[in-house]
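Just one chain follows, in the form predicted on its own, and it is written as structure tokens.
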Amino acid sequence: MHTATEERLIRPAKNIYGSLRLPGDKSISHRYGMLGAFAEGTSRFTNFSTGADCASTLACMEALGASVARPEDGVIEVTGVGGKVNQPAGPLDCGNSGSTMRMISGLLAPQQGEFTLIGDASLTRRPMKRIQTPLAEMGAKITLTEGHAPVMITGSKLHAIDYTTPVPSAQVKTCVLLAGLQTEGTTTVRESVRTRDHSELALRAFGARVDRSVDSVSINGPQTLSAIQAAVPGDISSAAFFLCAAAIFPGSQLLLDGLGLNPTRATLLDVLTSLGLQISVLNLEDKHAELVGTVQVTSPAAGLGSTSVTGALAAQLIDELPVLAAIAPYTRGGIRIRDAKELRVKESDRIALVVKNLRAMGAEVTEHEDGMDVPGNQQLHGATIDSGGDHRIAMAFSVAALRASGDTLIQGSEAANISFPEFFSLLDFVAER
């Protein structure tokens, strides 16, 4: 059981105002770090994610023979292994990072050697069968413990496959593509809902040829990767908390600079627009095929309306659903979430925790197996929040607390360090009290 070690008191705010530049996108940092460590030469990345998860990826790659230097704040230089990893001295510790464990498994399956991937208690509970199935189909030797970590890999020569993912997952897609990168023939991954495409864009940036159709991605192997220099865009999943904070204060004004606006991730902007938030995008640029821009938001005087998140939308917004649910009581018509069963197998059971914490703050909410209904026009009061050791729960309820009456205590607030160590200081910076 997770025991909360740090607590943080969130006092109500009067408004959200100011401009921020957010830390580097976690998803892109994982991929740049991993591919840079696997490529030939030395890659240099600015605004690399400061989260503990991306540090886990770098540490695993260092254990496999890559070298990582941090010449200045927010800059990392990664010298790669040129496509051939070393046998690590011990198990590779992925910490709390499912991205690290699932993606590195694909990288290692075609390599020579024996590899064991371990993680913390929360990661050890998360499902790993979803990567074992396609890799085993390629001929990989992978053993799990009752479908979970530790993941034991005996590297071997693989063959190309054409695979359809049963549950849309960018991590599974990436895992198969990284194995396909090193395997003779064409490996194809098909998905019913298009998941975030950072891996395809990153592979291309590092010089690989990746072909994409409407519902599939193919890679021809074997190919080599070459080092790049790149600035990591600001993380839109981190921005979600600030956008939602601005949304619940009529007349708020917030400017987010250098934000990643990849279309497979920017769905949140569509949902917030449908709720009535006024969003404009300024100076849009293309950096290594990732779109980056400045986002200006202001909340309407009349407050937010209502919206429903279901189907493909729920899959694309899976990380942002906790904070959307947390601000739903402040909308006029509420928010309905369905087809989000995947939330139950994240760092925590996010559906259960969101419902529990909303009720603690005095909200009425109906829980469903695959989502929830949160009616609008509710006033929340301060309460003690159980983060369950989950970064997104800790941050989502810090946002909800800004418009509650009275103070809110977030238990286990250090969970935010997993993805966003600067979260609380930036929230203080834009909250007018």
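When you see a residue number, it is the position in the sequence shown, counting from 1. From a predicted model like this one, the values you see are computed outputs, not experimental measurements.
If you look for the form predicted together with a small molecule, you will not find it shown, but the lines that follow are about it.
Not displayed here, the small molecule is approached by Pro168 to within 4.5 Å at the level of heavy atoms in the model of the complex. None of the heavy atoms of Ser56 is located within 4.5 Å of the small molecule in the model of the complex. In the model of the complex, the small molecule stays beyond 4.5 Å of every heavy atom belonging to Arg125.
With a 4.5 Å cutoff on heavy atoms, Arg196 counts as touching the small molecule in the model of the complex.
Partner contact region in the model of the complex: 170 to 178, out of 73 to 81, 170 to 178, 353 to 361, 270 to 278, criterion any non-hydrogen atom within 4.5 Å of the small molecule. Just one of His288, Lys141, Arg130, Arg190 comes within 4.5 Å of the small molecule in the model of the complex, counting any heavy atom, and that one is Arg130. Of the listed positions (Gln111, Ser99, Thr294, Thr298), a single one reaches within 4.5 angstroms of the small molecule by any non-hydrogen atom in the model of the complex, namely Ser99.
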